[in-house]
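Heads up, the chain below is alone and in the form predicted alone; it's given as structure tokens.
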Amino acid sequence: MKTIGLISANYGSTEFGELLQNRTLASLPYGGRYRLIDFALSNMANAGITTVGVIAPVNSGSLLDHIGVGNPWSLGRKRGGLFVMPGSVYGMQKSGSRFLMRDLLKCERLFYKDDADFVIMSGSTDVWNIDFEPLIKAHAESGKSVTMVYKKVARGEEFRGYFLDINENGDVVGINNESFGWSNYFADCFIINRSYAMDFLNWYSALEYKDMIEIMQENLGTINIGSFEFRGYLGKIKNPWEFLKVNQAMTDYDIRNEVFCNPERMIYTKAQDEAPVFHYQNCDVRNSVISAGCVIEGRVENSIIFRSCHIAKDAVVRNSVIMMHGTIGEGAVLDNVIADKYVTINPGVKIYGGEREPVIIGKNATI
């Protein structure tokens, strides 16, 4: 069954402060060399989806620079390919919402210009590696109009968004904003029949200010919705603390292997060649990800260091994320810090953040 993809990137968060001053959440650097949107694009490319639309926000400069015409994901092609479409000016502001009707209505030409059977709609800020082929097959066999992807999460895990009530037949009978015990967390991804998507936009066009999932929530009695369980790692990033935590998850051997080391489902990104990491003899690196081009003289622990960073002698970087071209001076100490690109920390400076309230340092800052 032919399937096309639509990725929503026109949403953000006011909690990230300077990190999102000149970029969208979807283009936020991740894991030492990636951007968050790489996961949504790679998941679709790995399923053989060759027509993908991306709903871009107003501040989409960094996003467009990164994805280009889609060559890393084999989407730079004459037929189909990558379509970047402008979203509404203000995007989606409500926490947990991803699929603003106003955006979908502006981009509905994607549904009309292709003869696909199904459309997979996905958010752009989740860290996961999902095989969409079983989802497409299950949806086709179910006869449902919509199939929503979910993951079971414990109540103790701090997931924010929508939760699904699912009956014994796998039908979605409730969509809630709260979890109770083990819950079925909606993974910001669903598959919908293309013809039904066009009808849906026509029926509810007057509700352009709402999220598509909100409309489904209010009209469950008339919409036939199935479910599909995802059992792998799902990293949700909706605030700086989650950004730091999900980055640090890449130091876990099992999670890193699941997300990045499946030869059949690689995560692709824009290539930037650098020299290998240079570790000085007396440096100390523990449980961290160090990217190409870095020079490490000091100590790095439980941290993600992006390309071309320099950690000077006697400097300590702990529980932190240092983005590209960062310079940490001799004797400096960073703990629970998120430093954007081209940040310079002068010798001897000490910065301590909280585990749930990391210190954010903006791009090009010198401290």
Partner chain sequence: MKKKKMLAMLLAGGQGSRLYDLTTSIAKPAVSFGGKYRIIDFGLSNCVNSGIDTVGILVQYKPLVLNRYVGTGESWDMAVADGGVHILPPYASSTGGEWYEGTADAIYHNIDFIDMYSPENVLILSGDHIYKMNYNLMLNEHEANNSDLTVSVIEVPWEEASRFGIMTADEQGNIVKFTEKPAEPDSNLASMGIYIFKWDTLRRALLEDHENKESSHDFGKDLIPKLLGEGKKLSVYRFSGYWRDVGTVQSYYDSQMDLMDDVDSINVFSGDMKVFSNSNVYPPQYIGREANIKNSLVCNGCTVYGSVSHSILGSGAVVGFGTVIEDSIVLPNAIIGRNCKIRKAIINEGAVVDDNTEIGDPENGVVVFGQTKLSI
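Every value quoted in this text rests on a predicted model; they were computed, and no experiment measured them. Residue numbers count along the first chain shown, from 1.
The same protein also exists as the form predicted together with its partner chain; that form is not shown, yet it is the one meant from here on.
Can you tell me if Tyr253 lies within 4.5 angstroms of its partner chain in the model of the complex, counting non-hydrogen atoms only? It does: once its partner chain is placed as it appears in the model of the complex, Tyr253 has a heavy atom within 4.5 Å of it.
Does any part of Gln281 reach within 4.5 Å of its partner chain in the model of the complex? Heavy atoms only, please. Yes.
Looking in the model of the complex, any heavy atom of Ala292 within 4.5 Å of its partner chain? Yes, Ala292 sits close enough to its partner chain in the model of the complex that at least one of its heavy atoms falls within 4.5 Å.
Contact of Gln217 with its partner chain in the model of the complex (heavy atom, 4.5 Å): It does not: once its partner chain is placed as it appears in the model of the complex, Gln217 has no heavy atom within 4.5 Å of it.
Each of Phe111, Ile130 and Ser142 within 4.5 Å of its partner chain in the model of the complex, by any heavy atom, yes or no? Heavy-atom distance to its partner chain in the model of the complex: none of the three under 4.5 Å.
Contact assignment for its partner chain in the model of the complex, among His310, Arg318, Arg33, His66, heavy atom within 4.5 Å: Contact check passes for Arg33.
Listed residue that, although its partner chain is not shown, lies within 4.5 Å of it in the model of the complex (heavy atoms), from Arg286, Arg160, Lys137, Arg77: None of the others qualify; the residue that does is Arg286.
In the model of the complex, segment of 225-233, 120-128, 259-267, 197-205 with a heavy atom within 4.5 Å of its partner chain: The contacting stretch is 259-267.
Which residues in 299-319 have a heavy atom within 4.5 Å of its partner chain in the model of the complex? Heavy-atom contacts within 4.5 Å come from Asn302 alone.
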